[in-house]
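Just the one chain here, laid out as structure tokens, in the form predicted on its own.
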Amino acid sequence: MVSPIVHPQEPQGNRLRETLCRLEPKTQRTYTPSLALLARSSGVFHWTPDGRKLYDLTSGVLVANLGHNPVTWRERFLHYLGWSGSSVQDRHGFFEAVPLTSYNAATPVEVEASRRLIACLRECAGSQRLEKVLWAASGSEAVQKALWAALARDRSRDIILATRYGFHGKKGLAGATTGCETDPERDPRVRFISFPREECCDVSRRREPFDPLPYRRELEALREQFGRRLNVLITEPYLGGGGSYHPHPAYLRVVQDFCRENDIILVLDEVQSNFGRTGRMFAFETYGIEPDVVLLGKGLANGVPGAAAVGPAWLFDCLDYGEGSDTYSGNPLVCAAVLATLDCFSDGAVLENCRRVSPLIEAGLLGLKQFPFVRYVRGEDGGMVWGVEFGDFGSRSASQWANEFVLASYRGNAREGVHLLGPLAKKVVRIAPPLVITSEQANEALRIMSEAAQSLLES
């Protein structure tokens, strides 16, 4: 059994972690050196069972874009579910409201969520290409359904292209398009293409010229090899789980042009980047492209688990009854949460705050480069997601420095700390606070992280 993590000043949390280690296997969650116990949350803060305050710079893995438990969102959510006000209970102990199940049925709240989501996407894209919503229970299932639809349009076109080191999930075709060709038991239908990691290794290179020609040549070589077997290309706008690499927009435009010229379906996996994370409502706006299918999740419902693939009617209609269904897709709980989220973004204030505070956070993160174990800072210009890459220094490896930084930031001081996740690609710490974080909150969180880095240097 894995030994439980112990933190000073957290006796209640330590007891809970010890119990957790006895009751759940380690595979339940990804490794994070802090293993935070979170008793309650509000806005950009968590509180531990022992009362320590944590600045949440993860948004619950890019989910709580509106912050934790926002009042307006909750009110709208309850309204759409019919749970607001005083519900009348019958003599058997039930009350009338929207059902929480919708398998092989539909509800008005689902119809409205589909209508509103498509309208929002069309307005942001400036076109009518995105026509239908294929709901899913998780991001990886949305990936799977989009790829199923692409393959169903022509069974003889079996080759899927995916950008190397991307992350699309762990299940089925989502797992097959994650990582690279050296991963074991790779699906033979998947071929990987290069993503410009070296060219976007640090924000200092953001304004440097970018040469898309090598990437175009690579795509042309695949066309020569596979011809009409090429069916669909899936990529993230930026590599999230692969280490937070944010490309020049010209790269994605080359990919889009190649797909258009060769009748290849372009699937943009925005599960991590949608609903404001790049400073715009959707990342395709930030990068100036228009995918055939856009995949949504995480921030889509601000914490309620759900996802969606949105694309053209002719493509999704290639799947017959039941081929894209599952128990929880389009359930009213998720659809009510999506509607509440759309309501909260509708006046533009959340995105405005994101773009206002973003430069301040980026400047603070760049300040961490004064420490010899911090190599690079990558992120979205005006967005709310960065990757801080650590390097080897002294007797410690990049991975050790990254994990120790996460732990030191969490422990902070007796009263407060910063909640971060375990490193991406073993050495990159992602910074992704809720989009509603204020300048004052950002400055305090950055101060704690800088003090944590200083304590590591002195240790």
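Numbering starts at 1 and runs along the sequence shown. Just so you know, these numbers come straight off a predicted model, no measurement behind them.
There is another form of the same protein, the form predicted together with a small molecule; it is not shown, and what comes next is about it.
Task: the small molecule contact in the model of the complex: residue 138, any heavy atom under 4.5 Å - done: Answer yes; at least one heavy atom of residue 138 falls within 4.5 Å of the small molecule in the model of the complex.
TODO: Flag residue 324 as yes or no: does it have a non-hydrogen atom within 4.5 angstroms of any non-hydrogen atom of the small molecule in the model of the complex?
DONE: Looking in the model of the complex, residue contacts with the small molecule do not include residue 324, since no heavy atom lies within 4.5 Å.
TODO: Consider residue 145 of the chain shown here, and say whether it contacts the small molecule in the model of the complex, taking contact as heavy atoms within 4.5 Å.
DONE: No.
Open item on the list: Taking the small molecule as it sits in the model of the complex, is residue 376 in contact with it (heavy atom to heavy atom, 4.5 Å or less)?
Closed with: Taking the distances in the model of the complex, the answer for residue 376 is no, it never comes within 4.5 Å of the small molecule.
- [ ] Look at the stretches 166-174, 183-191, 67-75, 344-352 and give the one with heavy atoms within 4.5 Å of the small molecule in the model of the complex.
- [x] Correct option: 166-174.
- [ ] Select from the listed residues 271, 233, 336, 283 the one whose heavy atoms reach within 4.5 Å of the small molecule in the model of the complex.
- [x] Among 271, 233, 336, 283, a heavy atom within 4.5 Å of the small molecule in the model of the complex occurs only for 271.
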